[in-house]
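Given as structure tokens, the chain that follows is alone and in the form predicted alone.
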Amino acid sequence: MRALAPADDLIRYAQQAGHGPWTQLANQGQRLKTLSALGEHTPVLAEARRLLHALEHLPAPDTSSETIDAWNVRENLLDTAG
């Protein structure tokens, strides 16, 4: 989908820039927000659940490689899944 291209680019660029897992997961959450706006609610819910589960296994955020606060990542995913 063309609407997802910017979100997909953001995910790819964050990986290339060496951003940490919290930032990368936040970018995946932003992609889910776009999917939700497109009405793709069932896959959004499934992916949000998967990402929330992944949060439980992430290391503590490293401020040198993260561009977002951990609480913000969790809150945005919960908001998208809700």
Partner chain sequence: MREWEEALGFIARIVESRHDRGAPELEIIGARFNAHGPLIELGRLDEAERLLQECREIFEAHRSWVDLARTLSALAHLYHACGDAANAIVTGQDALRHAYLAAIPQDIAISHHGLGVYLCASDNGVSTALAHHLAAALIRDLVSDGRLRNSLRSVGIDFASLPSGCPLPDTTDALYAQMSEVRGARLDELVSYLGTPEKAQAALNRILTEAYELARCFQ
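Residue numbers count along the first chain shown, from 1. Keep in mind the model is a prediction, meaning the values are calculated, not measured.
Unshown form predicted together with the partner chain; subsequent notes refer to it.
Peer 1: Report yes if any heavy atom of Leu35 sits within 4.5 Å of a heavy atom of the partner chain in the predicted bound form; otherwise report no.
Peer 2: No.
Peer 1: Hey, in the predicted bound form, does Ala3 get a heavy atom within 4.5 angstroms of the partner chain?
Peer 2: Ala3: no contact with the partner chain in the predicted bound form.
Peer 1: Might Ala81 be said to contact the partner chain in the predicted bound form, defining contact as any heavy atom within 4.5 Å?
Peer 2: Ala81: contacts the partner chain in the predicted bound form.
Peer 1: Taking the partner chain as it sits in the predicted bound form, is Trp71 in contact with it (heavy atom to heavy atom, 4.5 Å or less)?
Peer 2: Answer yes; at least one heavy atom of Trp71 falls within 4.5 Å of the partner chain in the predicted bound form.
Peer 1: For the three residues Asp9, Arg12 and Ala17, which mark the spot I'm curious about, does each lie within 4.5 Å of the partner chain in the predicted bound form through at least one heavy atom?
Peer 2: Not one of the three qualifies.
Peer 1: Along 31-53, which positions have a non-hydrogen atom within 4.5 Å of the partner chain in the predicted bound form?
Peer 2: Counting only heavy atoms within 4.5 Å of the partner chain in the predicted bound form, the contacting residues of 31-53 are Leu45, Arg49, Leu52.
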